[in-house]
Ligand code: DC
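We begin with a single chain expressed as structure tokens, specifically the form predicted alone.
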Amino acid sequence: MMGGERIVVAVDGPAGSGKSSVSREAARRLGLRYIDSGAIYRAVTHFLLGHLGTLEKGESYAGHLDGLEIAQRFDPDGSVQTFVNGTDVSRAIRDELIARNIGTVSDDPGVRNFVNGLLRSWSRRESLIMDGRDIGTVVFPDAAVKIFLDASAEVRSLRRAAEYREMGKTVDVNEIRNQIIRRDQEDIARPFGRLAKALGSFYIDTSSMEKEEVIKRIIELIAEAGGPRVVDGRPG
């Protein structure tokens, strides 16, 4: 890859593997755009609930997306803002109602096609890093860098519990571990957008790695593929 060309970095992995936080930080350091694909599906869910009130598993919702415009902004400080028809919904899409309904929306093949088209259109404009569960297998199978981040269920549950405690929530580590195991089973078995390691992807087991080690490894892989690198603390 020659300098100046756009580069796409696809980062997949199971829930709790830390893919969002490390991808976001790698993007910030390299001066790339980070896309939170999960937030896009949350934004679609927010839009559909606002128009339909309730959502039913197995229904097709692609026909209800007319007039929906989604945008996402990645700021230099590493924060991400998501917009629906010009309105900032970054906080609204984290509501529990969205969490309860997002599975219905993200399992809809028509919705997935809509979102994938949007994500691909963004990649034609600028270099980016994107994380999810089928980014390297479905959305960007020809990505310059494909990474699969993993960690044991035990480690992921401890990390998730620590995050909740930082937010002041009382948690049961065993219950979180059970939730993660169930989520893994569901994600692997999904008929569309299932979790899988993409052909040609770099596998990174982060179970015994510090966050900084993972970030540096991702940056190294991007540089090796001809992408930008950090020089004296700045993208170069």
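Computed from a prediction, not measured in an experiment: that's the story for all the values here. From 1 onward, residues are counted along the sequence shown.
Beyond the structure shown, there is the form predicted together with 2'-deoxycytidine-5'-monophosphate, which is absent from this document and is the topic of what follows.
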query	finding
Site check His46, Lys57 and Phe114: each within 4.5 Å of 2'-deoxycytidine-5'-monophosphate in the model of the complex by heavy atom	no
In the model of the complex, Ile129 touching 2'-deoxycytidine-5'-monophosphate (heavy atom, 4.5 Å)	no
Lys146: touches 2'-deoxycytidine-5'-monophosphate in the model of the complex, heavy atom cutoff 4.5 angstroms	no
is_contact(Asp187, 2'-deoxycytidine-5'-monophosphate) in the model of the complex, heavy atom dist at most 4.5 Å	yes
is_contact(Ile102, 2'-deoxycytidine-5'-monophosphate) in the model of the complex, heavy atom dist at most 4.5 Å	yes
Heavy atom within 4.5 Å of 2'-deoxycytidine-5'-monophosphate in the model of the complex - residue from His64, Arg33, Arg177, Arg183	Arg183
Per-stretch contact check against 2'-deoxycytidine-5'-monophosphate in the model of the complex, the hit in 134-142, 120-128, 73-81, 147-155 (non-hydrogen atom, 4.5 angstroms)	134-142
Any residue of 48-72 that, in the model of the complex, places a heavy atom within 4.5 Å of 2'-deoxycytidine-5'-monophosphate	none
